[in-house]
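We begin with a single chain expressed as structure tokens, specifically the form predicted alone.
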């Protein structure tokens, strides 16, 4: 149902933060401003690009948004909380206490071939996402739409009756329960229009019908994707996308070190490029010692929550007081060093579950401790819980990719000082996922993970990680936290239509969950991206911790 963010971030990143957030200061001291025209290059480690919205889990501000519009979109800017705004349609009107949502499409919108976009095309696009052949995309809507649990898509000749299109400009969704975040759900890839009857073609992901400012002009697997202007796109109806470059070339299958070296060198076409590849410590050092490259490094203020998950259904960890001891035993400063060399590079120490940049978030710290922890306090709590000699032989499983070995070793060393002895058990990515998110019964005692919400709401922070329905079967409640009272509070917050009121409820749930201590928040991981000297309007807002592809352009 959700993106696989436990194993790695949704986009590969340069994990540096030496210059501070969003440092992009050319000689004049002002952020480089892009102008219309030119060719933008995106250097990618990935060998493919998926442009089928039914199969995509792309964030609303990244590459899919260049080709496809959705019913709603995100407005994000530096220093501001993201908010939902109109895209193809308005932001929706709720009725029936939030169980029915009605959207009105704007006038004059067309696909790249000049065909008008209608409500039937949006309905067809959503229905396609239910077909088993098009799995892989975000699926929040599948259990919320009436009849969605049993629906298998439109290619068998059946419609989903809970989506109504009374006319070409109106689309109505009937939900199984009140859901205040439905306007955010309508910003997801599945809510992009697909001409009714289309999308069964085996190569649709490479040659889709475009509604955004760009169309896929050429697709060479493992080599390049060429995006050119969609002649039918109307900037007057689109406040989300800049549509500045004349074309965008996405270079595929590049080695991460090659991307970093090319962008540091900043010559030829690479002056007009940005990358999305991980950088090794050696590459990071190279960036830090190169004045030009350092000036072109853009860093998020914050990012995904990295956390230590405790199996609340396993042995002594079923005792909340034992779990609370871990809040003091962990050394967050050593975790920062293991993550990126020092605290400034890694990201700020975390104390809440709701990530920064999300509306309604409240800052608090239930377990105030020095940066390196309070191991004596941890020992005291363990003794009060009936474990005066500490804990032994806890199974600490983790994904061996993405520097998790060093991170796990840092956690292990801190826990040992508190009398908690753990055995490290690294796993390959597939085996790790099978044991943590897929398994019905979990063998492990604790594990490391990270989480980037799929949309800018505390709902997307809390529900996937802590509702009991997300234990096993592909869910991401890997702490196996099962609290009926919290489940009820989650449903109440989801049913709240007013965003301000909902935000207060989510903040209270954040606090209540942490009182039970199913996880230890570690850091809000920072992301950094390197770009060429001729790239402008390149920024990372407070949420999400990725550049806004829809605004990037070329400077003169």
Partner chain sequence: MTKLVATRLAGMLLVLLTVAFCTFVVFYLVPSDPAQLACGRPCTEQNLALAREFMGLDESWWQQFLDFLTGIFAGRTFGTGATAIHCAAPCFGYSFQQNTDVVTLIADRVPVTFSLAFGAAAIWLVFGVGLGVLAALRKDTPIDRITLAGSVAGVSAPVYLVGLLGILLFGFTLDVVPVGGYVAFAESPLDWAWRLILPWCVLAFAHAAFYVRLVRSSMLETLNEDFIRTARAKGVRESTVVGKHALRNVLLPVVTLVGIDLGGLLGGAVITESVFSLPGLGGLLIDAVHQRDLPLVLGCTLFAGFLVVVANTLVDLCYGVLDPRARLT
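Positions refer to the first chain, counted from 1. Small disclaimer: the values here were computed from a predicted structure and weren't measured.
The protein also exists as the form predicted together with the partner chain; that form is not presented, and the subsequent description refers to it.
- Comparing 104 to 112, 295 to 303, 235 to 243, 468 to 476 against the partner chain in the predicted complex, the single stretch with non-hydrogen atoms within 4.5 angstroms of it is 468 to 476.
- Residue-level contacts in the predicted complex: of 205, 165, 247, 482, one residue has a heavy atom within 4.5 Å of the partner chain, and it is 205.
- The contact residue chosen from 174, 83, 380, 400 relative to the partner chain in the predicted complex is 400, the criterion being a non-hydrogen atom within 4.5 angstroms.
- For the chain shown alone, residue 138 is a contact residue for the partner chain in the predicted complex, at least one non-hydrogen atom being within 4.5 angstroms.
- Using a 4.5 angstroms limit between non-hydrogen atoms, residue 132 touches the partner chain in the predicted complex.
- Mapping the unseen interface onto this chain, residue 39 falls outside it, with no heavy atom inside 4.5 Å of the partner chain in the predicted complex.
- In the predicted complex, the partner chain sits within 4.5 Å of a heavy atom of residue 155.
- Taking the partner chain as it sits in the predicted complex, the stretch 444 to 458 comes within 4.5 angstroms of it through a non-hydrogen atom at 451, 454.
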